[in-house]
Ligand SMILES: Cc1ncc(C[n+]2csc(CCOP(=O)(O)OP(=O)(O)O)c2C)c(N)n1
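Below sits a lone chain in structure tokens, taken as the form predicted alone.
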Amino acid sequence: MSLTKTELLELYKYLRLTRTLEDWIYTICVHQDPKQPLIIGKGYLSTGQEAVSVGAAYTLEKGDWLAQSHRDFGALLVRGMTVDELLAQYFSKAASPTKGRDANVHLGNTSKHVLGFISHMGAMMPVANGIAWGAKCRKNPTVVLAFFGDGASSQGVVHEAMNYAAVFKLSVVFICNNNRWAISTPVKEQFTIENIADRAAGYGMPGAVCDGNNVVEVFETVKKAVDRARKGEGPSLVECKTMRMTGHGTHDMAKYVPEDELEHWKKRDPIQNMENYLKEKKFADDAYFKKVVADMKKEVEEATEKAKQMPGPKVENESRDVYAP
């Protein structure tokens, strides 16, 4: 299961690209002219928790599926979606995955085996089960990753989906992104158990906890669950402990988060962790990291200019693709 130097450097690039893209989205949302906005609505970012989606998605094979949450741009990039596509989505352009009908993070791309995101937290879990059921009926060794957060872990639909997957041995790996805050509600007010993954025993599936700020540990933990599912041994629940280093969205300044908590997690930044790891392995140095940052910045800037020139959606096309033929 050990990752090669090439794979580790690629993981680092995905972390950096996700951070660069989302930092730019934040900048636009905060500084744009509200009378002529480039982004309609708000940004929903994964700052400080990029390792969860990047590390987990990196375990998948081409035929596997991703049931994303709203902070999984890293996973979308790993699955082959481009910065051009994601910015076109945020800019509500006709060439975006939703053809300009929606914005922000409400998107999917079935050609890349990425399910369209359902905004109600937890609602993707039974959809993931449906994909896994279809694969099982076709005798395909397909695995589905299903992401949800600590807040959504309390929803009935999440419990029902995990119980159902366990009973029928569906090849779903449930990823709980425990980023400590369900909008403004801290984990201490959500449940009394130490680990959400401890609930796995009640469903009859394995549960595992990993450091969500360590992309290598996320990969290794999720890979074990993915391999198990692919062999037909059923679902698993993986809890990734991390921290949401921004508000719920770009409109939320997160004044409710204690300053000492933020300071504690800043020292555990997943990108800095990966840079330290690569230095220890002698796979990269500061000059390499500086070049990657510059390359990612250029990619995002060029994609921004390209997306700005894209046409917006036309009114006469608003009813297309609404109903299946």
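Quick caveat, the model's predicted, so the values are computed rather than measured. All residue numbers are counted from 1 along the displayed sequence.
The form predicted in complex with this ligand exists for this protein as well; it is not shown, and the discussion that follows is about that form.
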- Which pick from G234, P97, G207, G151 sits with a heavy atom within 4.5 Å of this ligand in the model of the complex? G151
- Message: I need to confirm a contact call. Of H120, K255, K139, K188, which residue comes within 4.5 Å of this ligand in the model of the complex, counting heavy atoms only?
- Response: H120
- Since the chain is shown here on its own, which stretch among 224-232, 163-171, 112-120, 209-217 would lie within 4.5 Å of this ligand in the model of the complex, judged by heavy atoms? 112-120
- this ligand contact at R79 in the model of the complex, heavy atom, 4.5 Å: no
- Applying a 4.5 Å heavy atom distance criterion, does F91 contact this ligand in the model of the complex? no
- Can any non-hydrogen atom of H70 be found within 4.5 angstroms of this ligand in the model of the complex? yes
- Query: Does Q155 reach this ligand in the model of the complex if we count a contact as any heavy atom within 4.5 Å?
  - Reply: yes
- Task: Determine the residues of 163-181 with a heavy atom within 4.5 Å of this ligand in the model of the complex and present them in sequence order; the list may be empty.
- Result: N177, N179, W181
